Structure formats: C-alpha cells, structure tokens
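Before any questions on how it binds or moves, here is one chain, the form predicted alone, in structure tokens.
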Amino acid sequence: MEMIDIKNITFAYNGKPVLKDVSESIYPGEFIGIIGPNGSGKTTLMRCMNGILSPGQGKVELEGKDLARFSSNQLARKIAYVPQILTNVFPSTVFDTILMGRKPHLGWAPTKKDLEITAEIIEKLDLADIAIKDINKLSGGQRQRVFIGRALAQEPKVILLDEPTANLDLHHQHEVMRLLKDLSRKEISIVVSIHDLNLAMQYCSRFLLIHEGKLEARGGLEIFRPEILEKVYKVKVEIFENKDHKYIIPLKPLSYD
C-alpha cells in the first residue's frame, strides 16, 4: 500500500501556478530524490506532502486517508519534516532538541519511554559525546544528524528533508546520505529535495524530476538522459557510466551556443 498518494495536485502563490496537476505515489522503504532547478516547485511539493500547504486542487493521502482529516499530532506521528539547515537556532542541547521530536506523543511531561527513545537515537546516530552541547556550537554535519534524530524521535513512517546536504562539505554530504539510505532500508520512506544530481544518483532509489511545476520525469537512473537534463536545466551535459553508477558532467549553458 502507498504511504503517500499525491493525486492531481495544483498549487499557486498569489495566482501564479507553482505545481500543475502533479500525481505520484510513495511506497514504504523508498528513498526518493526530488530534483529540478530552483523555483521548479520542489519545496512546495514537499510542503503539500506533509500538510503545511493545502493544494488548491487535488489531494494528498496518507495510508489511504486525506491529509486534511488528520490532526496535527496524528500527522506528526506519521510524517516528519526536516527543513533546510538554519544557521542559528534557539539555544538547546542535542538531547533536548531530539527530545522535542517526542512532542506528538507527550502528555504533561516526558515519560521514561520518551527519555529512553531519545537516548537510543543519540546512541544510534553517534551523538553521545555531544549530547549536552548547544546545537549552535556544532558543525553542519553534526547539526543535520541532530535534526534527523529529532525527526526519528517522532517515530514516523515518512521523513521529508528539504536540501539536507546544503552547506555541507563532501564528507558530511555523504555521511548524511548514507544515514538516510540506511533508514530507508528499515521501511521508513525517505523523500529528499536535492540539487546535487550526482549525489542523488549515488544514494536515491527513485527520482521525481520537477520542471516548471510539472512532473517532467519519474523513475530510476534511466531518467538521467542528456535530452531530458538539457531541456530542464538548459545546460549541455555528458553522462558517463562506471559499473552501476552514472555521473553527470555539465559542459556549458545552452544559451552560450
């Protein structure tokens, strides 16, 4: 059964269409990369998928039920959202930040179970040695792991991440993507919005290519063809294959021809 079913959604800002009749299904254990140029509608699609935005037309269903029928707490127990890394956030320790992810499950105060789940996540993500540090004093890669930990504390079925590797160096980009890949193998559906096509191709199992608000292509590595990428990104490319991997080399903007 589909975890998330997107049915012919359309969304507009101030009358300007941003998404146009988009339909797609997300299944358990998938690692989906949403790709496309700036302004193509990637973030808007993710926000419709977690109920932050309501589509003007169409609907999004979670496990066969319209998102609009879930309370905010019910939805937070199913879908976690990790926005782009913020440069400065409200001072808090790593432990307390991850514990915040238990909010949809909390009563008046954290229970022993809430504290145990938080501690288990900290151990799993190798954050024990910085558990009492202020998150504002962490590296970008460490902070991103903390925010993923906070999402895991919600015990969701789906985690949506908007540009999770933005502003990270190469080492931490791969560290975060490996972590997400491992989580998807545990039947959590992972959906990331990502600009780095080569990084996406190395880790994601399936791709949604958004262009001018429309779903231009969907599928596996086979969608990465010069004619599609040149149409969407307006850049001439060459694609190389090495064993099971494809690599894209951008050559020059087509407008320079």
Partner chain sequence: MQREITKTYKKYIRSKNRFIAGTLVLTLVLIVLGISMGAAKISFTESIRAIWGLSDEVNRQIILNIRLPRVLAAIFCGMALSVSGAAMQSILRNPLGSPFTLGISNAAAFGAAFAVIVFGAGSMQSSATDSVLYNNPYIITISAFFWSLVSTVLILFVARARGSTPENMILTGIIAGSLFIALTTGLQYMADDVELAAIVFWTFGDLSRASWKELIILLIVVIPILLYFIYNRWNYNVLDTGDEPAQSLGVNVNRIRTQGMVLASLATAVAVSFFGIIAFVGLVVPHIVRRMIGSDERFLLPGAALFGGAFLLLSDIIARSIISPMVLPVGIITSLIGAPLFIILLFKGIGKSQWK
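Positions refer to the first chain, counted from 1. The structure presented is a predicted model; accordingly, all values stated were derived computationally and were not measured.
The following text describes the form predicted in complex with its partner chain, which does not appear among the structures shown.
Here is the short version: of L161, V146, L180, I79, the single residue with a heavy atom within 4.5 Å of its partner chain in the predicted bound form is I79. Of the heavy atoms in L99, some are within 4.5 Å of its partner chain in the predicted bound form. Within this chain, L170 is remote from the site of its partner chain in the predicted bound form, having no heavy atom within 4.5 Å. When its partner chain is considered in the predicted bound form, S72 lines it closely, a heavy atom lying within 4.5 Å. Taking the partner from elsewhere, Q142 is found to have every heavy atom lying beyond 4.5 Å of its partner chain in the predicted bound form. Here the chain stands alone, but in the predicted bound form its contact with its partner chain, taken as any heavy atom within 4.5 Å, falls in 46 to 54 among 199 to 207, 223 to 231, 46 to 54, 186 to 194. Contacts with its partner chain in the predicted bound form, taken as any heavy atom within 4.5 Å, map to no residue of 16 to 46.
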